[in-house]
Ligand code: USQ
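Here we start with a single chain on its own, the form predicted alone, put down as structure tokens.
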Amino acid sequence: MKVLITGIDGYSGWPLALHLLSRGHDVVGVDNFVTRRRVREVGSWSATPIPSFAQRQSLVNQLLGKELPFHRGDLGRYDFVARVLEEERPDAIVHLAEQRSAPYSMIDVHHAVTTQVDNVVGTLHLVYAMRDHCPDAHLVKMGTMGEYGTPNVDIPEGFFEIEYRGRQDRLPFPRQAGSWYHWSKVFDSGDVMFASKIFDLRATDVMQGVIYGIRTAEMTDRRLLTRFDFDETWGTALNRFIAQAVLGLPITPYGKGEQIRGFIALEDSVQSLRLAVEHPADRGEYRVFNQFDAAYSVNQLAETTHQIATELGLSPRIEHPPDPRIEAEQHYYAPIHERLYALGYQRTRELSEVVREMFTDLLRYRRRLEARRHVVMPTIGWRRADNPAALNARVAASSAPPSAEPPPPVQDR
């Protein structure tokens, strides 16, 4: 099967490419490297040194004996998207090329607009190009569990049965997104659902929980590691907690720390996406998979990080700064996740096991964390008008590299 991955250079795209190649699939990549630029924009970098994509292609050929064709370009240009799909005619498209950070979308009006334009326009370009050039291909779009918000009822996989005033119907479950980024994903979901109906396309919307980890089984060499973002803009809460523990900073669950989300290990996330690719939707079908293994509160993540850090000889402490987000800090959370298990999905990694592995890698790259320690603590608030000023100060602090930072093995460009 030929699989086109948009956003192949990203946190999920790169390990997915390695996983699919190891399973005998042909992979073609698309990216414009905007995440690398946007991480630099906020004064940060990946804790793991990331090779250029040309180096990554060479490593795939050298270490895996595989070819990895690649198209550099922007999904915001329809001529580019149409040309790639007409040339490649993929059997499946895994769409990961979207701005993925809620805090980034909340910096100011410009970042909010950029997020929504990039994400919605790129998705619309894909579905139109599929209609015209590869109508039998299967679109696997990465959504987010954050689309649902935290309703006080169980969360179904996309749709639910409802009775209202004596009438019944099957409807999309209401969305209650919590950032401009999450709303862009809601709009994406609606567009893909509509496109599958009017264009008779195959579509799977994967509502992704928070992914954690740096490694998968295919990463047999350090140079194959995926990126690890730890700053407050691009790093998840767990990423930040581990970086904080390594740096001797307080571990900082926001507010009460009782916010609950679904989580899945990176290795199990790529397994889920592969299963979706290998079991395509029917023509005209739009289906939804909730992709996560277990739900944890932010406090549980902080406590797990604290326990493992202590075992490793570190001495972290837990502090609770005010929550910069507008969200329920205590809530009910019970999403349903059955459809991937019906396709043969099996959980392979546990949270504590992966956190220990992440500590091992981050201790190796501790000096890269030290060089950007000032980007970890929160400065972006959902209501604040001075977000850009706070970020500008942080970027200025990053402009002069400290003398203790050695040149990385490969440049994060």
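Residue positions are given as counts along the sequence shown, with the first one as 1. All values derive from a computational prediction rather than experimental measurement.
There is another form of the same protein, the form predicted in complex with the named molecule; it is not shown, and what comes next is about it.
Remark: all three candidate residues (Q208, G235 and R240) come within 4.5 Å of the named molecule in the predicted bound form, counting heavy atoms only. Interface membership of V81, defined by any non-hydrogen atom within 4.5 Å of the named molecule in the predicted bound form, is ruled out.
Remark: T252 counts among the residues lining the named molecule in the predicted bound form, judged by a heavy atom distance of 4.5 Å or less. Among heavy atoms of D200, none comes within 4.5 Å of the named molecule in the predicted bound form.
Contact annotation: G158 falls outside 4.5 Å of the named molecule in the predicted bound form, judged by heavy atom distances. Among A245, M145, L139, L96, the residue placing a heavy atom within 4.5 Å of the named molecule in the predicted bound form is M145. For the candidate set D118, D323, E303, D91, a heavy atom within 4.5 Å of the named molecule in the predicted bound form is found for exactly one residue, namely D323.
The stretch in contact with the named molecule in the predicted bound form, judged by heavy atoms within 4.5 Å, is 323 to 331, chosen from 323 to 331, 214 to 222, 108 to 116, 126 to 134. Residues Y181, H182 of 154 to 193 are found to place at least one heavy atom within 4.5 Å of the named molecule in the predicted bound form.
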